[in-house]
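Starting off, we have a lone chain in the form predicted on its own, written out as structure tokens.
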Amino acid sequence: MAEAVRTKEEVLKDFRTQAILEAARRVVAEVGYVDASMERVAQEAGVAKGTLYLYFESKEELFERAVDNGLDQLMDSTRTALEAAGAPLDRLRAAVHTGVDHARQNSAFFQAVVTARPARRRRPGGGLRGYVTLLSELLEEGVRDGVLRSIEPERTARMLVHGMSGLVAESLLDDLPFPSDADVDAMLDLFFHGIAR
């Protein structure tokens, strides 16, 4: 199926939207959600404040889209990592390491998101829900290939995400070093093998 040809205006709008979202993430990472103003984001993006309102109705909408855009980038990075991984458990490890690496690279922004906790509308099938679905599919693949016992993939994927979130949140909220690859591997080993003899 042929890809639709995009107009110059559509390409420019997408480019400007992405630049604004990246500017919003930088500003929120620097000053927090509460102190992040539309004017400050406009300055950071190099556009007039009025231009922001052509793309986003409010600070809340801009924030929601910035979070969703960051999660979309996580999904893209994870899919790329999965292409290079082979066996199901290697693919699951790659997905988890990519998730923690993404949080590490965007730690200031995620800290602002975690501490501010403004109400957000959830995008159906997107955001963190999409990441849980991806992990669930990897777990199903492991069950089909016989390397994982029979489990409820979606529930297990949510538990895995909570484990990842716990590692990341501890470092962000308690001002501890960010989880290392060894920390992630230890969490995965515990996840795969449990603690019972």
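On a predicted model such as this, the values are computed, not experimentally measured, just so you know. Just so we're on the same page, rigid core means the largest C-alpha set that superposes within 1.5 Å between forms. Each residue number is its position in the shown sequence, starting from 1.
A second form of this protein, the form predicted in complex with the DNA, is not displayed here; the remarks below concern that form.
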The DNA is absent from this chain, but in the predicted bound form, do A48, T51 and K59 each have a non-hydrogen atom within 4.5 Å of it?
yes
Name the stretch, out of 51-59, 153-161, 22-30, 140-148, where some heavy atom lies within 4.5 Å of the DNA in the predicted bound form.
51-59
Contact residue in the predicted bound form, from A66, V168, L135, A36 (heavy atom within 4.5 Å of the DNA):
A36
Superposing on the rigid core, do we see a C-alpha displacement of 2 Å or more at E39 between this form and the one not shown?
yes
Threshold 2 Å Cα movement between this form and the one not shown at L12, rigid core reference
yes
